[in-house]
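To begin, one chain is listed below as structure tokens, in the form predicted on its own.
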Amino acid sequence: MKGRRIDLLMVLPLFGILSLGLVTLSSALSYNPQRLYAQLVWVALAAAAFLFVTYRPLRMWENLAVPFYLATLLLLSLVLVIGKKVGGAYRWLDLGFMNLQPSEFAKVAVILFLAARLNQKPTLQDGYKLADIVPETVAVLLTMTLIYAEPDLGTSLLIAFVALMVILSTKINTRHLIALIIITVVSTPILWKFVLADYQKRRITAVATMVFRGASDESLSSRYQTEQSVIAVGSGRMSGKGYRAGTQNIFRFIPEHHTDFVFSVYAEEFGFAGGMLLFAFYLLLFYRMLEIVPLVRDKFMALVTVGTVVVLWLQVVINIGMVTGMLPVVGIPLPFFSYGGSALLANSILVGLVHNFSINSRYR
């Protein structure tokens, strides 16, 4: 069966998210148009990557999974040695003409690696035992360790959850799954005591405080960034203040308002109605990708699709959660919306892969 050339149900919502993001960034970066021009270049590169990934042979990506994973490990290691320090963390490689963030590509590498490895294993009726997935578990833990050392706890935990969902999608033996849960619960106090830094403990404590008791005055005093973001989101009301009319944005009360907190700029200027439009685009994109899962040819394609939906969905939930004050700040950008090239390029590769599966799979 000859494949289609484009899946409009996937491309149109993606285009909608990108367009709304660029409009918002043109407002957020009105004081520095050079950054907006740089983002436009990244969008062009991301579009080229999307098209390249879409129209290359399907099996090529499964064959490249392990080499791509190893190359990402090398980049993550180089970050710790020669990485560029920003805000107390080593997360970027300075290439002269651009800064590259390998942890963003680690999300792609882990998903491809797990999908390729698990596709080579037979699907067992009772599910995999823990011993069956030791190499895959080690690979994920190694990636998490390198990212955590930057330090970047948020991305490290994000990769852990995505990897868990990909593995669970193939079915895990019930008894071994229970054993894994017990191991996780038992090891949590050890991680808390000897692994987590003080500021990371404070972030987790802040989440627990907000969930069970509500934020205290002391916690609010140290959350200026979140406070200003919540003010911006709330002041947008139903229809927003209008393009480039948001006071929190114009007077730059919100730090990092073009990266992690760009949604606050959007919500202030376009209000609840604009937020619902953006969410609708995300939901349409995710729904279309999930529709593809039972229709693809093999387990590799299905697992890559599941991993892509999970990693993008989690980033949306976490970013909106921290912008609205429901979650602590963990430095997770809003996919296809926030300023930044590495995340945009990595996410475009993942969605390009799913688009490739969509237009080339032989549907049942």
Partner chain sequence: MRILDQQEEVRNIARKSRVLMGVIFVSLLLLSVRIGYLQLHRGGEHLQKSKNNYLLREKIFPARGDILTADGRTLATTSAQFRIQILPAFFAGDEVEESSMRLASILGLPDRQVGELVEFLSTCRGRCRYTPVTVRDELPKNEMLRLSSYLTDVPGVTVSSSYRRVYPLGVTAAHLTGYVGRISRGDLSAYPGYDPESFVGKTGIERSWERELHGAYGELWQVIDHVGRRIEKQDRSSGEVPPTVPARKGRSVQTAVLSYLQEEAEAALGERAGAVVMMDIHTGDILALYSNPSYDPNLLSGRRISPSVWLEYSESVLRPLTNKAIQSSFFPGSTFKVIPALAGLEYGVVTPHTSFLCTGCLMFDAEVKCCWNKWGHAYTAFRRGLKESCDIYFYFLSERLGHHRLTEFSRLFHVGRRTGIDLAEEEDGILPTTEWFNHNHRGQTLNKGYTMNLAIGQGDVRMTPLQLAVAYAAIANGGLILRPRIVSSLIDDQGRREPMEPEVLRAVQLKEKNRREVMNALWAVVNEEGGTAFRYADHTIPAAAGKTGTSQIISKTERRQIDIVDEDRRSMTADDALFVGMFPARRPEVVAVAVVESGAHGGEAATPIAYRLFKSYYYRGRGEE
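Numbering follows the first chain given and starts at 1. None of these values were measured; they are calculated from a predicted model.
Below, we refer to the form predicted in complex with the partner chain, which is not included among the displayed structures.
A.B. asks: Can you pick the one in 38, 310, 49, 329 that has a heavy atom within 4.5 Å of the partner chain in the predicted bound form?
C.D. replies: The option sitting close enough to the partner is 310.
A.B. asks: Looking at 168, 277, 141, 74 here, can you tell me which has any non-hydrogen atom within 4.5 angstroms of the partner chain in the predicted bound form?
C.D. replies: In short, 168.
A.B. asks: Would you check, heavy atoms only and a 4.5 Å threshold, whether residue 113 touches the partner chain in the predicted bound form?
C.D. replies: It does not: once the partner chain is placed as it appears in the predicted bound form, residue 113 has no heavy atom within 4.5 Å of it.
A.B. asks: Evaluate residue 135 for contact with the partner chain in the predicted bound form, applying a 4.5 angstroms cut-off between non-hydrogen atoms, and reply yes or no.
C.D. replies: No - in the predicted bound form, heavy atoms of residue 135 and the partner chain never come within 4.5 Å of each other.
A.B. asks: Is residue 56 close to the partner chain in the predicted bound form, meaning a heavy atom pair under 4.5 Å apart or at it?
C.D. replies: Flag for residue 56 set to no.
A.B. asks: Using 4.5 Å between non-hydrogen atoms, is residue 236 touching the partner chain in the predicted bound form?
C.D. replies: Within the cut-off, so yes.
A.B. asks: Which one of these stretches, 76-84, 100-108, 290-298, 144-152, sits within 4.5 Å of the partner chain in the predicted bound form when only heavy atoms are counted?
C.D. replies: Result of the contact check: 290-298.
A.B. asks: Go through 265-281 residue by residue and record those having a heavy atom within 4.5 Å of the partner chain in the predicted bound form; state none if no residue qualifies.
C.D. replies: The stretch 265-281, when checked against the partner chain in the predicted bound form, contributes 267, 271, 272, 276, 279 at the 4.5 Å heavy-atom cut-off.
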